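Take a look at this single chain in structure tokens; it is the form predicted on its own.
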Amino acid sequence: MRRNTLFAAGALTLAVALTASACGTVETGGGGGGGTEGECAIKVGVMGALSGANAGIVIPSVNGAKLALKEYQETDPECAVELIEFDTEGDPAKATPVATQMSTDESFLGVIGGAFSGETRATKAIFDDSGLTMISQSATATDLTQEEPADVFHRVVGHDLVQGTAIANYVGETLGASKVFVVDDSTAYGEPLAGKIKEILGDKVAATDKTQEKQTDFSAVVGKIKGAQPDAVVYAGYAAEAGPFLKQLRDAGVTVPFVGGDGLYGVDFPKAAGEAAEGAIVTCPCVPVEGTFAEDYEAEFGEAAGAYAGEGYDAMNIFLEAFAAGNTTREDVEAFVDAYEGEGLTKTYKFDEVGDVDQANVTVWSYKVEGGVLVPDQEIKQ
């Protein structure tokens, strides 16, 4: 995909003054940054796990949003836009007061997030009641739009019906597995994702089991997997548990291919699993970023662009286009995003009536752990 170059200086009607406080993380319950006093001040919030065992899934997308804002700033208009960060650790209970804080502060005109499905499910009604537009860069649970949609919710990624189908296709066709053990982490993300995988694989599923958040001892499920003797293991969950689970699996002598969803995509998973992660496959409805964006990202943040960096960049640019077009109320921003059509860094965007992008424009990739890092493997047939 080409890089987004939508912000010609002559077309802008608003401005950005990125202050030092806008770059820093605002703790949950914080009041935002300074430097944007007056009627022209606009804030965009971004919430997610900025610390903890799953932060590697979220931080790159936040950095992508920062990069979009920096580029917008260089057009030098008049009105100030700040990106305010809220660390929820991906916890719905911590995300709820954050959502209330942003919803009751009229200077917030947009939210990037939630990053995880659970925190998104817990907060979208709050944002909906206040008319504060959400664009999630990485919340993939299908029910967020297909079962309980909210008028203000949009996302720039495909949902888990797409990812689940892709994982099943990869396991069954690319790996040629015919005896698969499927494990999920009992979360709002992992459980439905595993359900779709099992539905598509059908009688290729030899057995299933569950883990729990914050679990550290996986001996029981490892024992069941050894007894089932599968030719592949699929894990639907997050990196915090997947890392030690895979390590214990390998320590027990189970060497069959290990495949996980996008909850494992980031530096945290290979770090937690150590050498056991080598060769593991992680899928993601996100495309590998390259070219100028990848170069600029690495120059800005000192590391390669990671999980959902491009999607965070696209989400921020959609909001910035709304502001540039003169939309300075929540109602106007929501109308702009609802009607948005454009070419982003990662895909062509047009949101349907429930806030999803056209699933025909969604690409799912597999990434393989090599030398302790995730590298692009292949685009997965859907």
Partner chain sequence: MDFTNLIEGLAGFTVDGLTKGSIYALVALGYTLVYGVLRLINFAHSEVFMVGAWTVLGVYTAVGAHSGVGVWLAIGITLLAGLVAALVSAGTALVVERVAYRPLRNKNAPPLIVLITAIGCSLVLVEIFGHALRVFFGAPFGRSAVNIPTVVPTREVFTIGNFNMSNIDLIVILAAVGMMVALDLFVNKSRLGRGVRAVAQDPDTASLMGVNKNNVIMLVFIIGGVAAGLAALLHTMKYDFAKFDMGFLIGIKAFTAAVLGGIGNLRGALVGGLLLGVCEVYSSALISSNWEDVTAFVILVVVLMFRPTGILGESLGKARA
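Between two forms, the rigid core is defined as the largest C-alpha subset superposing within 1.5 Å. Computed from a predicted structure; not experimentally measured. Residue numbers count along the first chain shown, from 1.
This protein has a second form, the form predicted in complex with the partner chain, left out of what is shown; the following refers to that one.
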Query raised in the report: With the partner left out here, if you bring back the partner chain in the predicted complex, are 216, 224 and 271 all within 4.5 Å of it by some heavy atom?
Result: yes
Report task. Look at the stretches 156-164, 196-204, 274-282, 293-301 and give the one with heavy atoms within 4.5 Å of the partner chain in the predicted complex. Result -> 274-282
Requested in this report: Consider residue 145 of the chain shown here, and say whether it contacts the partner chain in the predicted complex, taking contact as heavy atoms within 4.5 Å.
Outcome: no
Query raised in the report: Would residue 248 sit within 4.5 Å of the partner chain in the predicted complex, counting heavy atoms only?
Result: yes
Query raised in the report: So in the predicted complex, does any heavy atom of residue 169 sit within 4.5 Å of the partner chain?
Result: no
Query raised in the report: Applying a 4.5 Å heavy atom distance criterion, does residue 179 contact the partner chain in the predicted complex?
Result: no
Requested in this report: Would you mind checking 182-211 for residues with a heavy atom within 4.5 Å of the partner chain in the predicted complex?
Outcome: 186, 209, 210, 211
Requested in this report: Answer yes if the CA of residue 215 moves 2 Å or more between the shown form and the other one after aligning the rigid core, and no otherwise.
Outcome: yes
